[in-house]
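Below sits a lone chain in structure tokens, taken as the form predicted on its own.
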């Protein structure tokens, strides 16, 4: 199933039509992708971006004749970022609707609740959630990660703070969701092992309206950098406003949602985005000349006028787009959409050239994203969903 980088544009054309052949017979049943999407609620910014990408890709594939004549059908359930709603939707998609694949959920708190259920139901699942324990080929042989893991993010962010910024005194915070809690627990020992000094560590309720007291405690503890880990744009926006109102120009390094359109819209002043660095990806970053990688630029041109990027992150859109094509490729390769067909096909993916990244899976390794694609980005360089790489990489 190896597909070289230089073949990507040809492969995209194939997905759009020629490679997904139309049989002479009438179409058979559609390929059903169940989508566990947080499209409303406080953590919806990522879900909306992922949704735009997967919807565009499915429309593109179907317009070209589908996959071996079969259309792809997206069955969406808005979980609102609520693990209980996500569990209920997972059961519905797996048992009653009998979808072929589940895409999502798009935050780790929900995935921690539903991934064991989907494993018991033997439904192939692909998600962009960072928590490391969500991928375990022994416990969850049906689950695959299309984004990077917490371990990868923790290593990249810690190296940036400690080795490039050369800052040791850190305020490490998360929200009280499963993602925020587990991430803070995972990153604290990594930072300490690499020479960091955590002067302040805390979990904050995502709905907390006033963060000024928390910000004062971080400053008084001597923090020289704040590392927040939350997908909640509202919380992150209030955090940056509290820092700005205090007149404290300490750098902020953390979750990709720091660069979301939701956060930008919540800022009391544009300058509150200064010295804010989010986890980013080379595939969706501008180089020194202001250009995206060739493959990504071709994608942006293709979606121009069809997908709005001004209020979302390009990587969310690109990731959702890649999911639909990975499903299509698996069905095309195996000839079927049964769980074992898709799992076998995904276990053979090697250097598949998506827009968001090049993916490789094996039966023993279901983390498919390349570590060397992870970089820090400047939040205030946001343009059309993408960012400039943060200073210091050379």
Partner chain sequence: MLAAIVATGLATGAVYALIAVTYNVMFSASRVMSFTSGQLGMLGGVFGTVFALWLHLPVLFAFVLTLVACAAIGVVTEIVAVRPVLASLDKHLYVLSTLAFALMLQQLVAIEFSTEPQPFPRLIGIGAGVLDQKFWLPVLAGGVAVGLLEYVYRRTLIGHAFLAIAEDSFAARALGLPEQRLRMTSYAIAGAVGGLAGFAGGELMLSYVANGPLWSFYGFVPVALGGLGNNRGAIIGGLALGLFQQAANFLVGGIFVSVATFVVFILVLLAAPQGLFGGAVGRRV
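Residue numbers count along the first chain shown, from 1. The term rigid core refers to the maximal set of C-alpha atoms that superpose within 1.5 Å between the two forms. Being a predicted model, the structure only gives us computed values, none of them experimental.
We do not show the form predicted in complex with its partner chain, though everything after this point is about it.
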message: I'd like to check something about residue 262: if you look in the predicted bound form, is any of its heavy atoms closer than or equal to 4.5 Å to a heavy atom of its partner chain?
response: yes
Distance check, residue 107 to its partner chain in the predicted bound form, heavy atom within 4.5 Å: no
query: Is residue 99 one of the residues lying within 4.5 Å of its partner chain in the predicted bound form, judged by heavy atom distances?
result: no
query: Does its partner chain come within 4.5 Å of any heavy atom of residue 137 in the predicted bound form?
result: no
- request: Among 125-133, 208-216, 316-324, 279-287, mark the stretch whose residues have heavy atoms within 4.5 Å of its partner chain in the predicted bound form.
  value: 208-216
query: Do all of 203, 232 and 266 end up near its partner chain in the predicted bound form, with near meaning a heavy atom within 4.5 Å?
result: yes
- prompt: What is the one choice in 311, 271, 294, 245 with a heavy atom within 4.5 Å of its partner chain in the predicted bound form?
  reply: 245
Contacting member of 163, 197, 84, 176, with respect to its partner chain in the predicted bound form [4.5 Å, heavy atom]: 176
query: Comparing between this form and the one not shown on the rigid core, is the C-alpha shift at residue 145 2 Å or larger?
result: no
query: residue 84: CA shift of at least 2 Å between this form and the one not shown after core fit?
result: no
- prompt: 2 Å or more on the CA of residue 117 between this form and the one not shown, with the rigid core superposed, yes or no?
  reply: no
